[in-house]
Every structure is written in structure tokens, then in C-alpha cells.
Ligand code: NAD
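Here we start with a single chain on its own, the form predicted alone, put down as C-alpha cells.
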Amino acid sequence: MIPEKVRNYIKNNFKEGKVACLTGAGISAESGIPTFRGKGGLWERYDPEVYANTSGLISTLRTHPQDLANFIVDFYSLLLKAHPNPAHRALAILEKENILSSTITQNIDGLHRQAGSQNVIELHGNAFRIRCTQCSNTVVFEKDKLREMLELFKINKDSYIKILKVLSRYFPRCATCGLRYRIDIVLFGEILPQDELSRAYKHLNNCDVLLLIGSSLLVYPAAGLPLYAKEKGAKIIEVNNEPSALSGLCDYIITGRASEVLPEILGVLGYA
């Protein structure tokens, strides 16, 4: 699947700590999570102008609590069923072998960490974590608690008061500042976490190769990261089923499923 020219480049240039990667929704689509904007994605059933921003979610809770409950159940049901695929696991192996310095991801599903990657930069947050709205303390949102919450949503979805009580129970007040926790994901109109973005730029400063995996590269500022890496002299290899908005920027393109291409890269490097 990997062209011979690209195989040779990988064999000779994937050096210790000099490779970074940026992943998008395509890598997780192979784990059963449809891209939000793609066919079968959540935005086919739920208007992102309502369900992907804070004001829309609050308004829906007040006026149509059942719709909000259904959205949360559908959203988390997808994530809870998903498991890392061979592409996630291959990246974890590349990190363990000190080839990959970091995995920068636009995904919120936590699959890179589940696969064993340690140095994961989550530009859009993590759906399995909650954070204080004031002091940014974070707490892992355990999957058992999530499942428990979803069952309560199903039972109480017709009542605004009962839904509010469920939310209050699973999104408590912060012990440090007293304000309430919220899900730790970046909604429309919110800025990316600056510490994560700074870490991403730091790794791009030091990489010789940037892997672009399963991203349409339409959403900024994440889509600007390959441009930055290119300016710093990095070679860019894209792995995707179809061209992205920045395919013309790439030095090498591998067309195919990430779950097949990434294990093949391991083989080229002798780690398969």
C-alpha cells in the first residue's frame, strides 16, 4: 500500500524523537465513531449551532430537556462503544520505540490514551474528563459513572428539574473555588486550551517529519499546525482515504485506511 519511494523515505528518516503526528476524526471512524459532519454523524440529527455551543445547550435544557437528554445519550453511547484500532496502537508503539515524540489530536474520544500513547496533546479536550469552569481543575469522568448518568437521563428525560438534578450530581462544584465542573471539550466559539496548543507548537519546532492522519484540515487553528511545521522545515506525510484541504502542502501522500497504513509503517521500521 505504501509506495516504494515513501517506504524508503520512512526507513531513512524516521529518527528518534523527530516524528510528530496530527490526527483527526478519520482515525477514529475506523473504531466506529462517525465523523460529526460525515454521513451518519451526529450533526445529521442534531444542529451543531444548537448542540455544539454553550448557549444552545442551556437553551435546549430549559425548553426541550428531552432533546438534550437524547443528544447526550447518543453522543456518549458512540464513544463508550469505541475501542482503539490498529492505527491507534501503531502510534503507541512508535512512541514507545522513541520514534514518535507526540500525538497531537483533534479528537475528544480518548482512544490514543486507551491504546497506550502517553504524550497526547488534546487540542479539543477529552469527553472523558470534566473541568472547573473557573480554575480549570480537571477530574477523570469514569466510564461507569457515565453509563450510570446516561441511564438516569433515559429515565428522567421528560423533566427539566430531574435532568438538572442529574447534571448537578455528575458535574459537581469544585472544592477549590466553588464553581461547577463542565465537560472538558472545546465547544463552538471557544478558544483552544492554550497550554495544549503551546505544547503542540513546541513539538512541531523540533520535528523533522509530521504525519497527518485522518484529518480534513478544515478547522482552524488546528489546520494551521501543518503550515507551521512546513515553515520550520518539516517534511509532511499525509495518510488519508481522500485528499484533505492541505494535501497540496504534503511531501508524500499515502492513500488508504490508517488502520492498514500505520501497521505497515511499523513493518517498514522493523517493529511489526
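No experiment lies behind these values; they were computed from the predicted model shown. We number the residues from 1 along the sequence you see.
One more form of this protein exists, namely the form predicted in complex with the ligand; it is left out here, but the text below deals with it.
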| item | value |
| --- | --- |
| Per-stretch contact check against the ligand in the predicted complex, the hit in 225-233, 58-66, 31-39, 199-207 (non-hydrogen atom, 4.5 angstroms) | 31-39 |
| Touches the ligand in the predicted complex: residue 18 (any heavy atom, 4.5 Å) | no |
| 4.5 angstroms heavy atom contact with the ligand in the predicted complex for residue 216 | yes |
| Contact of residue 241 with the ligand in the predicted complex (heavy atom, 4.5 Å) | yes |
| is_contact(residue 108, the ligand) in the predicted complex, heavy atom dist at most 4.5 Å | yes |
| Candidate spot 92, 252 and 263, all three touching the ligand in the predicted complex (heavy atom, 4.5 Å) | no |
| Proximity to the ligand in the predicted complex, single hit among 157, 113, 182, 124 (heavy atom within 4.5 Å) | 124 |
